[in-house]
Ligand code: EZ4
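Shown here is one chain on its own, the form predicted alone, set out as structure tokens.
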């Protein structure tokens, strides 16, 4: 079997997605996700102009060899553009291999370790009552674990609060990237945030009791000492994890956080390779790996980093927002099914328009996700439907402090 074509498809049903479609001389096709929210065309052109021609004539079954070739032959390694492009190839080849074998990808990775993946949903509100309503709505949709985000008095617009004006208006498909010529400017006040968030979790625990699994995302906005302060202040409310409490590029920072709090830590949605996690896992500075298959080079390295993490009792918490396409999401659900050290899977269902473009086998029943048993990844791209939604320029927002200083968003 040989690869005969590699096509890049960009579509924007609700938001922008970049998909690689690989075709073989035996008529099998595979698709992979190369979406990089806010920088989609950078990856699309990387694939079109530098990668696609390298695939023609190659053996689609040689997945590991192809991954190493694309990673090492470019010389300039890592980074979200390169790794998203490699991820798309890797996913598409696993999709083809599954179809050739007549098996879902998780079977090729060693078979199922569980009936399905435990998931968490997303609740948010501009005040406590709106937040309570949002939590109840998530419970009604079957979620037993819920990420809680809240507006903060004095901050006009805050990441993760779906009722704000920048939200798309659809319950799950919260899209902060806006179709504007310049990125939207938002505001931030760390001290106000640190004062307010513990009071919100106190109210949630009082209303919903001790059994509900709660999570929170700090979105890289705190210094290490501030992150330690937040983690300690949230200890009475028994969080499943505190996510991205501080920018983890400075990995030593997590040592300070660990010294001051026992709140579990999840990090890594902006990481691109196993090297970003190496010291954090080896020194047990985190509890959950937040990598996303699309930005991490695909299925192959995601499985490897979790095998490494297993030696240190670190579990998965893969990034699963709706700017990872249904293809990329399916890829990491297959990994989650096959690894022993699974933790929890983020799940934000895509919009109806997106689901009309990407036909899926995924099911969510009884609080558990399952990728389905169709051969390959279980997702097919409807190219006619995709063509109805052309690319639209979009930028993620950014933050400034009260004095005008640019801050982490």
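Computed from a predicted structure; not experimentally measured. Positions refer to the first chain, counted from 1.
What comes next is about the form predicted together with this ligand, which does not appear here.
inquiry  = Even though the partner isn't displayed, in the predicted complex is residue 287 close enough to this ligand, meaning a heavy atom within 4.5 Å?
reply    = Outside the cut-off, so no.
query = Does the 4.5 Å heavy atom contact test between residue 323 and this ligand in the predicted complex come out positive?
reply = Contact check for residue 323: yes, within 4.5 Å of this ligand in the predicted complex.
inquiry  = How about residue 196 - does it come within 4.5 Å of this ligand in the predicted complex, if we only consider non-hydrogen atoms?
reply    = Contact with this ligand, no.
ask   = Quick one: is residue 37 in contact with this ligand in the predicted complex, heavy atoms, 4.5 Å cut-off?
value = Residue 37: contacts this ligand in the predicted complex.
query = Residues in which of 92-100, 77-85, 199-207, 214-222 have heavy atoms within 4.5 Å of this ligand in the predicted complex?
reply = Stretch 214-222 is the one.
request  = Using heavy atoms and a 4.5 Å cut-off, decide whether 187, 230 and 408 all contact this ligand in the predicted complex.
outcome  = Checking in the predicted complex: none of 187, 230 and 408 is within 4.5 Å of this ligand.
task = Counting only non-hydrogen atoms and a 4.5 Å cut-off, give the residues of 366-396 close to this ligand in the predicted complex.
result = The stretch touches the partner through 396 alone.
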